[in-house]
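One chain follows as structure tokens, the form predicted alone.
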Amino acid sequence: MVDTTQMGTPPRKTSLTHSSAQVARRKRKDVVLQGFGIAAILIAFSVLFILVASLVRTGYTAFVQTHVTLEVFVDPGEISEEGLPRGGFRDVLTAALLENLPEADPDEDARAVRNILSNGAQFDLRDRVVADPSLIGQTITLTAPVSDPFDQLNKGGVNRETPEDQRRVNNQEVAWFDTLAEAGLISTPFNIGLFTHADSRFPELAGLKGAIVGSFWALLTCFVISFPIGIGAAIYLEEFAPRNRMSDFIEVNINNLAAVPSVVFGLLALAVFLNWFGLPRSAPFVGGMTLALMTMPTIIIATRAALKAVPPSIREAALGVGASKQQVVFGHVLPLAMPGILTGTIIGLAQALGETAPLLLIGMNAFITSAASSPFDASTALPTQIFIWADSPERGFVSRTSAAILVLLGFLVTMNAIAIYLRNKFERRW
């Protein structure tokens, strides 16, 4: 007779060994998968850190500006009350500089000394005298920005060890600047002009005010157009539209529009808004309408997802007590979905804020020296201002480009933080 117990024992041991090997293999795969995930996160954070660090390293100098403080005698021989706003303001400033540079020759070095001050210094003096003509004949204290070469010299952007013929400032000009610094006349305060000045040909005077105002008008136009239309379209498609081929066709096309490159919307705006409708070029209103076309699919998709997230029991309970379909949607479903809708809208607007290609195609990269007072005035936007400065040959615009990118990133992070706050504060857990 054959012992079945002894015959069955080896297969059970083999089965247990095989199962243990499978479990160990699965655990190794889990560890490898987790390792890949952690490595991917570390790589992403490393790249992000390198990006932000490079921007900060390049752009932090733009947040301070080199100024020189002078005691300026408003010479009545150069400036008269009758001749305002004309007058020899630049000559008066040059004389004030020469008084602090005894080694400079008033006849031979006047032109070179004059270049220490920014071109905007004479206009600052002019505005003060025009506002108060009694200053003529008096000595006033004026703090004005220096020109870009001397600003770079003070910030370390000009290497003093470089041969003189390869520097933007010669040895004599460096000595003059050092004399002013030793006298305590040089300061580097926070560059408030970066936010209060519009664009300029001179890097030391260029600011983001025009771009910030232009982006505000464009985003306001985008919100006013895309928010009600996007929510209305989403409510109809999700709650009222019949389920047929037409609604499926519309849904597929909305999803496709969300993935269309932004330059296509810019070409559409150029052909329709500018060439067909004849709307003003470089206007934030046109930019806002272009961005609205891009943002609407995002808002529609986010709104439909928020409406779907509301439990069917809410609808059924409202219908059960006699509410109409319209009352159910607008009185019960929509308020509960609003946190998700606002989150999607803010994220869509944040995406629109960073778009450059469509704004370039409608001309919002023009050289504009004043902020727009309405959505129909010519203006730039933050992304296009960055593009303009990045294309400028002056060294001073390099740091300002990085600073503008940091400001734009600050706005984007703030908008996304607001979206996360609204989602966490008002979101319902079902």
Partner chain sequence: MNDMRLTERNMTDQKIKMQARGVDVFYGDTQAIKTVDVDIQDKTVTAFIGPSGCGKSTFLRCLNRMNDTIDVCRVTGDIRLDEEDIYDPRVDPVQLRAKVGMVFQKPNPFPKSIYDNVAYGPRIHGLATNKAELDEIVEKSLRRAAIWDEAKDRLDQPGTGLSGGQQQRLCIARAVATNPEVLLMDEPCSALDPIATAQVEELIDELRERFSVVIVTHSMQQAARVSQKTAFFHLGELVEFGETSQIFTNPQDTRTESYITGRIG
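Residue numbers count along the first chain shown, from 1. Source: prediction; values computed, not measured.
Below, we refer to the form predicted together with its partner chain, which is not included among the displayed structures.
For the options Gln327, Asn170, Ser80, Asn159, the residue carrying a heavy atom within 4.5 angstroms of its partner chain in the predicted complex is Gln327.
Note on contacts: among Val174, Leu336, Leu180, Ala305, the single residue with a heavy atom within 4.5 Å of its partner chain in the predicted complex is Leu336.
Look at 350 to 358, 315 to 323, 97 to 105, 272 to 280: in the predicted complex, residues with non-hydrogen atoms within 4.5 angstroms of its partner chain sit in 315 to 323. Contact between Pro261 and its partner chain in the predicted complex is not found at the 4.5 Å heavy atom cutoff. Remark: Arg243 counts among the residues lining its partner chain in the predicted complex, judged by a heavy atom distance of 4.5 Å or less. In the predicted complex, at least one heavy atom of Gly331 sits within 4.5 Å of a heavy atom of its partner chain.
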